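One chain follows as structure tokens, the form predicted on its own.
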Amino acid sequence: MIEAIARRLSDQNSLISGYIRRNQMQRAHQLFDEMPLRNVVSWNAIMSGQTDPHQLHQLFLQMKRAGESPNQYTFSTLISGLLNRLQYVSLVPQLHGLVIHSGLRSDVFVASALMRGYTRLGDREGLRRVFDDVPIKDVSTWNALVVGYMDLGFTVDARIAFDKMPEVNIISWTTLFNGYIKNRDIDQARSIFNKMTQKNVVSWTAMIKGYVRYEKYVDAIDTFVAMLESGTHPNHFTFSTLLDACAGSSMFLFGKQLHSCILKSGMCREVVLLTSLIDMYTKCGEIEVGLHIFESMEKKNTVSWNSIIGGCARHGLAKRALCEFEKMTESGVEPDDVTYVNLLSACVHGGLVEEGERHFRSMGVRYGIQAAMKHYTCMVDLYGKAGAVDKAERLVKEMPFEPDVGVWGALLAACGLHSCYEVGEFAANGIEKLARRNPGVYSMLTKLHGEKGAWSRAIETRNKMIEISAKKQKAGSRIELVI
């Protein structure tokens, strides 16, 4: 009888895990709720499929109330899941206490999760304390320490920890140079990368991505060529990163060559890769090709929709952007904050004030997306270009946070466009506080004061430009040579 119950429990746990692997969470929860008997494996299984931190925390509390003792897998799953939302990261010290009480602080999986938690909290001492509590440290524990120090900006401590590691693997090396990339030391990252005796596609792609991140596009392509010469085959993440480089630098011909390589490699069904292709073509001026690729995609995610909506916005196809947004919501894909930035940008380019207002209001009501600085900048720009400078001014005054230079710049540009000098004075007072960090603002202020006839203020602003060596940004162009 006992063996039959145990066998049935094991089968049900396996079923829950199977449903979760197939992303059938509703069926997994239904089976879990109907189980007359559960053990720690059951709770771990259902918790492993939970992506919402609140629900995950509630499951853990229910488990404790049911009298089930958590094990190392429970804690590692719970702590890792809670890191997705800042308000739950504060629970890490409390969970650390439970870990110690349970006698699990020496477990490497739990320790790694706790170290990530203390890193998210910005607690350097907590990070080190967890590491020191592990008596037998494997390479993953050392890697977690290096990652933690790098994420907190302590590059020297990270390098010392790396040098003390009893053994290193390719992940250790990649972790180290990736850390330097995150801390904006791309030259040191390349120096570490060059010292690696073994490199795989992940490490090559990480180095290429580092160059793209800091807009060193030629270095990214040179690294890609070196990767091919080493005999390492690129994957879809490599191609996606290179396409981002092409989009950022308008290298259309190289982008087309990459497209051909992708087709030959058989990776043309990857959602990430197709999204990067859309982004590359639309940013290089080929909106029709981007639309064709998008429409041919079998699966589309939020990033895919964002890419095509943003592409339509950049090309002035405001109505098409709004249409694609409607299709996105009808397909069941939920928009995010980036979607609404692209959508509002489309309204700006198309002069669609009413549509912009409607979407700006609905983003919070319909999807719970809180308006951020970029959304307010779009709305101020929309009102300003439509001549509704009074609405733009009122919106700036009603903002729940201090406007940044983008918001003030949009309002100031609107004042210059429609000769609203009184509102322009309000904008000028706001933007002057930020001008030192944004030298290009001075030329805008000089122009406004000059048009108003306030020559003393115009000269004063001009002198400030000279004082900090501020210069107007010069236009530039580039040509792409085919050899």
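Residue numbers run from 1 along the displayed sequence. In this text, all values refer to a predicted model and were calculated from it rather than measured experimentally. Take the two forms, find the largest set of C-alpha atoms that superpose within 1.5 Å, and that set is the rigid core.
One more form of this protein, predicted in complex with the DNA, exists but is not displayed; see below.
Contact with the DNA in the predicted bound form, judged by any heavy atom within 4.5 Å, is made by just one of His315, Lys209, His375, Arg105: Lys209. None of Asp123, Asp336, Asp185, Asp133 but one reaches within 4.5 angstroms of the DNA in the predicted bound form through a heavy atom, and that residue is Asp336. Note on the interface: of 167-175, 85-93, 389-397, 316-324, the segment with non-hydrogen atoms within 4.5 angstroms of the DNA in the predicted bound form is 167-175. Contact check for Asp222: every heavy atom lies farther than 4.5 Å from the DNA in the predicted bound form. None of the heavy atoms of Leu59 is located within 4.5 Å of the DNA in the predicted bound form. Asn39 belongs to the set of residues with a heavy atom inside 4.5 Å of the DNA in the predicted bound form. The shortest heavy atom separation between Gln72 and the DNA in the predicted bound form is within 4.5 Å. Relative to the DNA in the predicted bound form, residues Phe109, Asp138 and Ser203 are all within 4.5 Å by at least one heavy atom. In the predicted bound form, the residues of 278-315 lying within 4.5 Å of the DNA by at least one heavy atom are, in order, Asp279, Lys283, Asn301, Thr302, Val303, Asn306, Ser307. Core-superposed comparison between this form and the one not shown: the Cα of Arg120 travels 2 Å or more. Fitting the two forms on the rigid core leaves the C-alpha of Gln257 displaced by under 2 angstroms between this form and the one not shown. After superposition on the rigid core, displacement of the C-alpha of Asn183 between this form and the one not shown stays below 2 Å.
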